[in-house]
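As a starting point, one isolated chain is supplied in structure tokens, in the form predicted alone.
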């Protein structure tokens, strides 16, 4: 048997295994944060404009919408589900708020309530189909995605909604995007973009809700083992319904921020947000070794995606090539997550 001499006595056969295990554990807990730090370092070296306050505020503003979408997806992942309709819900909310302002000359309160109600309705429809009719969540929310897309396209006749747009009667739209609404997506408080403040606020609220309330803990119990939770007296179907309703609600909030940021109601504007929102929520599994959906991890996942896209854009990488990089990072994050789960199961 081969012997290896070290400073302190004989070589232990399990030493390499222990070192490997510690390295994997370290990467599992801190790998995402390490990647973010390396990306910041790389983009700072390649572009002097990257490491500036204005650029970082731009990143925060850009990830605010993705984070809100991803928080909704996180709720459905917690209960063992999935929501593919969040992108179309964002679009519907964007159209709803724009139509209220431009077509019907409503004030801020109505422009906020309409998209929120639309998001809640979509969430209720999803929960009814998934929980009551018991259609698999991927198929159910995919069908709802197509339905919602069809509704917004039918309602707008395929046109975006913007200030002074021509109407069917030959005139122009009577309303405009009012300053108080535009402030939500474009304003600043203490030199911090208001969307970023909203994002951080909701991340904290969701974290407190999931970590320190009975309802939050029961959501996790429902997703961990649905049958065991049911036998323990947990109203499983009700909490699964809550998750889909919250997903629709957060998608509608994201739609409001999106409409106020771009100042138009663009059809299908939320479609690209589905992939980024899902990626952020799934990357969150691996943050700090959580191994489960969590709001802080979702936020870090959104930060990773935001920094990556911002840096690639500064390097003039085509937008259609950026999805390749996002997909690769998502695979790496999930690989660490499921490797750790398998390792844990093996120990048991």
Partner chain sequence: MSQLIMRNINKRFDKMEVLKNVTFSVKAGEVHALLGVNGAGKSTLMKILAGDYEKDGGTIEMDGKEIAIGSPSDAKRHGIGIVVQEVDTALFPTLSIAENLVIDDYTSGFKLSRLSWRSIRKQAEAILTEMNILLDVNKQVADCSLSEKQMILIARAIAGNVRYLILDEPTAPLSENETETLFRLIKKLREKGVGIIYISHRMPEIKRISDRFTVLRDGKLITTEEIKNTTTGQIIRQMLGKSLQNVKRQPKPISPNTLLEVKKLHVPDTGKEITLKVHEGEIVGIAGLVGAGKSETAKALFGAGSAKGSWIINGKDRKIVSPYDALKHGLSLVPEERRKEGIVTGHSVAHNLSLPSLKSFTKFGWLQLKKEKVFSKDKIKQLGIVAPSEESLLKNLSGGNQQKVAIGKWISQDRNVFLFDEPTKGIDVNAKREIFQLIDLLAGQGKGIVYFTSEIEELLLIADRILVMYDGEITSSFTGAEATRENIMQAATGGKLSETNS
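Quick caveat, the model's predicted, so the values are computed rather than measured. Numbering follows the first chain given and starts at 1.
What comes next is about the form predicted in complex with the partner chain, which is not displayed.
- Put simply, residue 220 is close to the partner chain in the model of the complex: some heavy atom of it is within 4.5 Å.
- Remark: residue 235 counts among the residues lining the partner chain in the model of the complex, judged by a heavy atom distance of 4.5 Å or less.
- In the model of the complex, residue 227 approaches the partner chain with a heavy atom inside 4.5 Å.
- Although the partner is absent here, residue 132 sits far enough away that none of its heavy atoms falls within 4.5 Å of the partner chain in the model of the complex.
- Listed residues 213, 180, 172, 160 were compared with the partner chain in the model of the complex; 213 is the one with a heavy atom within 4.5 Å.
- The single contact residue among 108, 200, 192, 208, judged by any heavy atom lying within 4.5 Å of the partner chain in the model of the complex, is 208.
- Residues placing heavy atoms within 4.5 Å of the partner chain in the model of the complex fall in a single listed stretch, namely 227 to 235, out of 152 to 160, 227 to 235, 263 to 271, 118 to 126.
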